[in-house]
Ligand SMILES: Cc1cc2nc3c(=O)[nH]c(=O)nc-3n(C[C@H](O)[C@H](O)[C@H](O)COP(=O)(O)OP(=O)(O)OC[C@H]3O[C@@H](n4cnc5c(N)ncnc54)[C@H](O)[C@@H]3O)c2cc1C
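Okay, so here's just one chain, in structure tokens, the form predicted alone.
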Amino acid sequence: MTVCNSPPGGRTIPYTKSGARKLILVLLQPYAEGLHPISLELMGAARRLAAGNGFETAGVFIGGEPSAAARTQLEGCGLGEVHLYLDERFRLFILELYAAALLRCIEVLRPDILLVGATPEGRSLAPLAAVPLETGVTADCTELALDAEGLLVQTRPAFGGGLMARIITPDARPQIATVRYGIFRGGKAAGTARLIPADAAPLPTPQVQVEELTAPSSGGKEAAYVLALGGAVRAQEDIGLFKKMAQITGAEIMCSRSLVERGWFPQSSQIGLSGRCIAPRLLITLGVSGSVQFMAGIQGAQKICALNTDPGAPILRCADIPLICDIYQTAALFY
């Protein structure tokens, strides 16, 4: 299914395809002492999209003075140039201030494509920028590609994961897509980016005041081994049977959406487009069927071992090690 983004109302600096530069712009988000891992993934996606298609690549960094580690990442990102909007007021994420800087960068560069990480900050920033630009946003993309006309084909599950929607923005610019953490691999960067100081002034007066800060969650991607339980688990007390497997392998136990809906796991343990995207070295799934939404959350997994009694389970077709077996009998081997 292919649909078109419809521009929202409002008007500030809209421009169309004819006024766009063949440029892919990536929002580079600060995180701890460096860049957020999603920024590294989007750099790789931008480079792959641009290769052989006549596109340039650029990044925009909005924040306080970057640390030495962040500056090294910016210089070695492999993008053509990185525009630095540096101000002490950017040390905290204040939506109005970040939006003003991003819109200023877009107004100057007029990119054809804008890629944003689907972090809490990116999810709020992308639509706020899209409204004055009179363009659309495709959220939580699982695949990005360019068609024969150079349009960005933005793919994401739709209708509860029942089909994959391919979304294009034929006229309004930039074409904006947000991407979940863990969907793409960063890839090896080649070349040194040119760092360009930029000025976002004048900045608006923010309408909020930050009173307290808490450390952000790591997102769970660091787990090297993950044991994912699916709908084949018959009872909540049976979850304990699989904990021995997790202990022996050193794996983190997670689950599919069905077990969260039963109230057996918190939503933070859910894998999938409406949960968490993970990229472990090894993912072992027990009784997971492999819905479109679940598969969207494990694209970064290096190896997948899937156990299921149903030979037709979609996940078996995608697994590196597909095993048709009973998960309870398998769990019993660890006792």
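Heads up: residue numbers just count along the shown sequence, starting at 1. Because the structure is a prediction, the values reported are computed rather than measured.
Same protein, other form: the form predicted together with the ligand, not shown, and the subject of what follows.
- Contact check at 4.5 Å (heavy atoms) against the ligand in the predicted complex: none of T142, T155 and F184 pass.
- Stretch 283-291 is the contacting one of 44-52, 283-291, 66-74, 30-38, since its residues have non-hydrogen atoms within 4.5 Å of the ligand in the predicted complex.
- Comment: the ligand is not present in this chain, but in the predicted complex one of A232, M245, V137, L133 has a heavy atom within 4.5 Å of it, namely A232.
- In the predicted complex, Y328 approaches the ligand with a heavy atom inside 4.5 Å.
- At the 4.5 Å threshold, heavy atoms of S256 reach the ligand in the predicted complex.
- When contacts are judged by a 4.5 Å heavy atom cut-off, E56 does not count as touching the ligand in the predicted complex.
- L307 belongs to the set of residues with a heavy atom inside 4.5 Å of the ligand in the predicted complex.
- Contacts to the ligand in the predicted complex (heavy atom within 4.5 Å) from stretch 249-286: S256, R257, S258, Q270, I271, G272, L273, S274, G275.
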